[in-house]
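Take a look at this one chain, the form predicted alone, written out in structure tokens.
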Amino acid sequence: MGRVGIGLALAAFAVALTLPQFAGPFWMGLVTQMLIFGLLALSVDLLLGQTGLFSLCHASFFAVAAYTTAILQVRYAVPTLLAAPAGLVAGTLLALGFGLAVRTRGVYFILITIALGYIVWGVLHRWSSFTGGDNGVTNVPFPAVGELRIGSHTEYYYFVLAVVIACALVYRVLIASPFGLSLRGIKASETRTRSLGYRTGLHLYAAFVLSGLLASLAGVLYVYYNRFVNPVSASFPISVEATLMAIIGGSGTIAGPFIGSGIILGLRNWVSSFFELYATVMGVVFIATVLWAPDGIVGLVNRLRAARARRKAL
């Protein structure tokens, strides 16, 4: 990361820290959602940006983690210290099973992940005696560990911000590690990477499970913020939106999924206030990104900076 990147990161961090001082409850809630869904988009991009696998079932891990946490807390009065890790474990165990999809490639992988996602959505929707059906699970309390309790959305915003920053730092270390380099090698040429002695199938499976773990963490954060979860959280559009966030912001980067989350959620909240068919606008934005900024916003900014540097060098 260059000096400009470090400066922008520090500026963004300063704005994030001071946001509650000048932003109202609506904007605080919106930014909290952007951080949570940015984390979900980052989990998708661990596959898409690093390995080239296009997964459309990450809403399943997100929802299963959220449901597990909510049901344990609301119905069985399990404390946060046990309910939240249980949600992470449940979502990750699902990823361990769904990860077998990496045995396929291309359109077959996409179709299998879509089918797996619909299975989870169907179970959550139809098993109403356990999941609550369309009514879902309500009145999820704020997280609390002993005497430490989060009592407001502002406090929860800071908690989410801390978790997201920690995840971004760990993610940066992961993709810079030999394991991360091997994933990019698989994306560039799986055959060549295999010929070098790498067990590419095992690497992809591990990446899928780690991606599911990250999506599950986003689900736990989501249910504590929303204090409610229903089958919509496992629906196909959630997986698609998370993928669009990664692509629009800049696939293969850390900041990209969060930038994409901000664009998608910001536009959705703004456009839906005066235009019923806001999904049309989302489609137009995606088409424009593919046509004129295929590397996303981060890629577009990098290209503009490179062009400016070349002009200065002449």
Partner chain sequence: MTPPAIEVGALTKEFGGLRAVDGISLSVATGERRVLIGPNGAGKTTLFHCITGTLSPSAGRVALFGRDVTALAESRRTALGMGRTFQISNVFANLSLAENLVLALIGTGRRKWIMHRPVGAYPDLRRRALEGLEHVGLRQRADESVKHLSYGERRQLELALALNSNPKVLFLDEPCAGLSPGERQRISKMIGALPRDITLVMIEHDMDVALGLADRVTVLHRGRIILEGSPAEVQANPEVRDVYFGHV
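Residue numbers count along the first chain shown, from 1. Keep in mind that what you see is a predicted model, and the values were worked out from it rather than measured.
This protein has a second form, the form predicted in complex with the partner chain, left out of what is shown; the following refers to that one.
- Proximity of S152 to the partner chain in the predicted complex: non-hydrogen atoms within 4.5 Å are absent; the residue sits far from the partner.
- Within this chain, A176 lines the site of the partner chain in the predicted complex, having a heavy atom no more than 4.5 Å away.
- Contact annotation: S182 falls within 4.5 Å of the partner chain in the predicted complex, judged by heavy atom distances.
- Heavy atoms of L93 never reach within 4.5 Å of the partner chain in the predicted complex, leaving it off the interface.
- Between 74-82, 141-149, 201-209, 159-167, the stretch whose residues reach within 4.5 angstroms of the partner chain in the predicted complex through a non-hydrogen atom is 201-209.
- Shown without its partner, the chain has A188, S189, T191, R192, T193, R194, S195, L196, G197, Y198, R199, L202, H203, A206, L210 in segment 187-214 as residues with a non-hydrogen atom within 4.5 angstroms of the partner chain in the predicted complex.
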